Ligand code: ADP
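Encoded as structure tokens, the following chain is the form predicted alone, with no partner shown.
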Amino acid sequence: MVAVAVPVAVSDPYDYLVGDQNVESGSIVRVPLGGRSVWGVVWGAGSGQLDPARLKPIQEVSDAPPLSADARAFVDWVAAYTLSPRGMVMKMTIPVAEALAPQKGQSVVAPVAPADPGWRLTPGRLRVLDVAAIIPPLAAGDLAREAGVGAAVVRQMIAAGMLSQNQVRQSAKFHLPQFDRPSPLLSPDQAAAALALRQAVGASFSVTLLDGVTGSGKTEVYLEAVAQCVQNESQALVLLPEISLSAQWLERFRKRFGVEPAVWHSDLTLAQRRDTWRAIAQGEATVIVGARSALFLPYASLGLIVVDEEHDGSFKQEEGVCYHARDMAVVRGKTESVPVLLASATPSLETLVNVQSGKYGVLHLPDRHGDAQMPDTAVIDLRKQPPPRGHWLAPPLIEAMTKTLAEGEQVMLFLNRRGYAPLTLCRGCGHRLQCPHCSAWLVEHRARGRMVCHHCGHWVTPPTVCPDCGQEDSFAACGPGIERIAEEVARLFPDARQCVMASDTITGPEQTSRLIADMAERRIDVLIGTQIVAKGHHFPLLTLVGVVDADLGLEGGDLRAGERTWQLLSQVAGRAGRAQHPGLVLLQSWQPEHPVIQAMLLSDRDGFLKSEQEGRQASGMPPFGRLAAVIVSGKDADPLDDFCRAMARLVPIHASVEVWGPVSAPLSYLRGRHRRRFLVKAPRTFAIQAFLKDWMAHIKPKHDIRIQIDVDPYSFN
């Protein structure tokens, strides 16, 4: 009898009978569950709480490698920390059921020895035997092509017993990176950092922050640690925030190691996910680059974890199992006793506080690589130099663009707002076009002829008649999105070649590669983009960056609003002047005296972060305190509010804990469900999970009401 953890929303494993099958802890097995069959993982001995006569037997044992004790311990830790069912965490470890079925071998043929004197040997058959004698076994069709004969000749030889046919495991699809290829010439600072990272690989658990300005060559430095990991015959995992957009990173990897890494993200086909999962589990994929979910895969011999752009909000998952991949990467590194490297030009406050406390080490790259210098930054005060009415680019920015384009250099305009306009309203009655499923406005995407909700994906064709007052052609676009900026650029610079870069226009590596090539070969003069333009791209001829609305993101109740805005503006600014030509960054702002804008203007990173840290510490907010969000949702508002009031009455009393709420979430209606929030605040050393478990133990949700817990929330929507 064994306990099998199954990939459904339950925490406790179920008992199954083993029979005469050979299983061990970690074995991946197929078991019956509620009228269907699922793949699960043997978690240990059965509980023995049920009569064996009532238990069902294991149906099948996968030939995939067992899940290691370290991997199982990691699943248990994440489940306990996030208060998620173990089965849902484990589902991220074995997400491809097709990879778990016993693998079919490849059919190959080889000559039979000794030869039979009675064989009828035609010239074609002799060629087949001669070729088969000097090369490894091949599939029948491949052998026929190598020998220059028809497939029928090989089939007849198999039937006559001249060739034997066997099943062999298919060869690996991932080639070993060539770790001994010459590496790029490193500066003294880079070489010193690379040496320290190489020495950390293979030396047990540690966490190191690689803190380097934009353009300092952090990628080339940590690829030296990856090379050491490959040389040690271990696996290296590199987590990127936007793997589907990381064409330049993949090209750097190819140049350094001569091969492609294994890639893991949601855009892979089912066959690619199956083959990649198998190769990782069997140790055939040596370097894996992936999105946050790659952290949970079953590595055969993990030796290094790199979290690039560790500050990026994309590493936080806010649905299902709520976790932050940066923090869980540190946990997995500790569980597996391997080093963890965090890389960023704008490190998160959480990471910097861990460096200050001595928990993490740090390596600095204070200068850009080669002769490149950090760009100059200036602020355009929109109160004094506003754009003309109905326009969005201020005169100083237009003047700088004119000069830059005249000199044959490139311009980037940044606005973190997709579409044409964020709001559309009726001039006659003021009616605003809103999503019927969310408390959010529909965003006009004029290029696609749609009004789109960015939260649930609902879209409609722009109406010609107001549904409230019936007035025709009365709708007006309010505010700019990047499509509207592109429209203004086309009017101002009709000869300039422009491109819009956003998550809905650049959807994968191929499109990203084409855009990068177009920028490098100067087929684009003006690049207009949202936050994805800040994801580590290197454009050598880009010298001017204009931020259309530098204040966007500073308002609201988000405790990280200032930090996030500073990080985003710093990353965007870092795209300018990365080669021989000096760069200039112009920030359009209505509040140039804001600490974030002043930090950008004065390049005062340390002063800004010190002020941010002091404010968080004084209020007991993360990273100096603990937060947990409890989001309660339901289809009907009144029963939901009654339920939340009942929840509030059951909050455990503890002198160190504050519970705020229930209140309507900022997105109070999302995907057809009303949402309410509680926020739990506690000291840093307080066991907030135990408090939450005690509270939830007294609550029984009704059939329509869902409760989601987010320990360490990063957004407050």
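Remember, predicted model here, so these are calculated numbers, not experimental data. The first residue of the shown sequence is 1; numbering continues from there.
As for the form predicted in complex with the ligand, it is not shown, yet the points below apply to it.
Contact with the ligand in the model of the complex, judged as any non-hydrogen atom within 4.5 angstroms, is confined among 185-193, 584-592, 402-410, 421-429 to 185-193. Among residues of the shown chain, Glu220 is one whose heavy atoms approach the ligand to within 4.5 Å in the model of the complex. Although the partner is absent from this view, Arg252 contacts the ligand in the model of the complex, with a non-hydrogen atom inside 4.5 angstroms. Contact between Ala79 and the ligand in the model of the complex is not found at the 4.5 Å heavy atom cutoff.
The ligand is not drawn, but in the model of the complex it has no heavy atom within 4.5 Å of Val131. Though the ligand is absent from this view, in the model of the complex it lies within 4.5 Å of a heavy atom of just one residue from Arg256, His265, Arg332, Arg578, which is Arg578.
None of Thr351, Thr565, Ser216, Gln531 but one reaches within 4.5 angstroms of the ligand in the model of the complex through a heavy atom, and that residue is Ser216.
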